[in-house]
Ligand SMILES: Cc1ncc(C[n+]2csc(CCOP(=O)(O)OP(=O)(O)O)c2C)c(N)n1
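Only one chain is given next, in structure tokens, and it is the form predicted on its own.
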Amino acid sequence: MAGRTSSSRGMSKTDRATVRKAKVLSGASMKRGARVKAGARDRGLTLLPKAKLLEIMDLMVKSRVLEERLIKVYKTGDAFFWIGGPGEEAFGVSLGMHVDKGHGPAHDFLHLHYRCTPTLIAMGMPMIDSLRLIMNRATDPSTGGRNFANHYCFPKWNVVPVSSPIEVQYGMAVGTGLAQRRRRLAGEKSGVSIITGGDAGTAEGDFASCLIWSSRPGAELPMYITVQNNKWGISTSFDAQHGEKHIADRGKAFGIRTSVVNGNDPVEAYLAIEQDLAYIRKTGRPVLTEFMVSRLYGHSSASGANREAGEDCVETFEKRLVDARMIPATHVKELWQKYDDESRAAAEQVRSEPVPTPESVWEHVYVGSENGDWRKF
């Protein structure tokens, strides 16, 4: 796959053959920013069934429309803050489509950062639940209306609460990784601990601790360590901060299988994630993969939440499918309109829903909603 470099450590002959085949078939059309002339054969699109390609596009559009609705909600004064993942749809949707959903260590645990809406949409989260979160409504299933946009929590799917302090999820994931390793050793069904985070946060000690704990000889953990590199940490450029060529290179010193993937290409991202998770589920060993993505609306509402330059993975993928005559251009417009209507109606409904009561601040502090009010101990 163009743009993907990989350490072959732990890869089977079949895995290596698959990667070589993907590189050959992908060709120039898979390169970042590439365009295919109308009627020309986009060989990268032959790597997945047409139905899968259309499903990916549908989810990517749905996620983008939702994020743009969240921004509108913020700019019209119905929310206090926005942060999200426009530009990460190709990676995020592909990840969500591969998750083993469920509750408990027999299924995958997700330790996500605050640009994870595409992943949750692909896992089946309704648009309205994201709107309830950003608009701080008591009906918000993630936090009861008490956290920021994109700070999700879905225990039924093992989605660990998203935290504002950056990269703490890399250290937290070691705990679920250990629990899952114990299940593997006992011969019980076990999932993978999946972590997402940005490039700037890899400067934190939590990231280094994750690499150390996941790779101890003879005690490796089934962890999928991913980095979404959009080349920015708020307003600080990646190129001025990192001496290494790729963040993924840092995993090689720990014997971790590593890759760098074009995260703006949904086909490349989908296949990379599929191979990575298959390897972890088979071996119980960690993988570190760096996905190169875009940041299309700045860091957050703190920087204006305005459209910025960068490759748009949604527009690029739509154009590839239209040029390959897999869908008509009218279908794309209808899809955007469908989700725009859905998100608008959801926002209108949420506006009429109640906000949290002052007394509810003590709820869910402890397991089972045991009293958290110190004044009533």
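Small disclaimer: the values here were computed from a predicted structure and weren't measured. In this text, residue numbers run from 1 along the sequence as written.
Only in words, not in the display: the form predicted in complex with the ligand, which the text now covers.
- Distance criterion of 4.5 Å from any heavy atom to the ligand in the model of the complex singles out Tyr114 from the list Trp213, Tyr270, Trp82, Tyr114.
- This chain appears without its partner; in the model of the complex, the one residue of Gly124, Pro155, Gly304, Pro165 with a heavy atom within 4.5 Å of the ligand is Pro165.
- In the model of the complex, at least one heavy atom of Gly198 sits within 4.5 Å of a heavy atom of the ligand.
- The closest heavy atom approach of Glu274 to the ligand in the model of the complex falls outside 4.5 Å.
- When contacts are judged by a 4.5 Å heavy atom cut-off, Asn230 counts as touching the ligand in the model of the complex.
- Under a 4.5 angstroms non-hydrogen atom cutoff, the ligand in the model of the complex has Glu204 among its neighbouring residues.
- Between 261 to 269, 214 to 222, 106 to 114, 281 to 289, the stretch whose residues reach within 4.5 angstroms of the ligand in the model of the complex through a non-hydrogen atom is 106 to 114.
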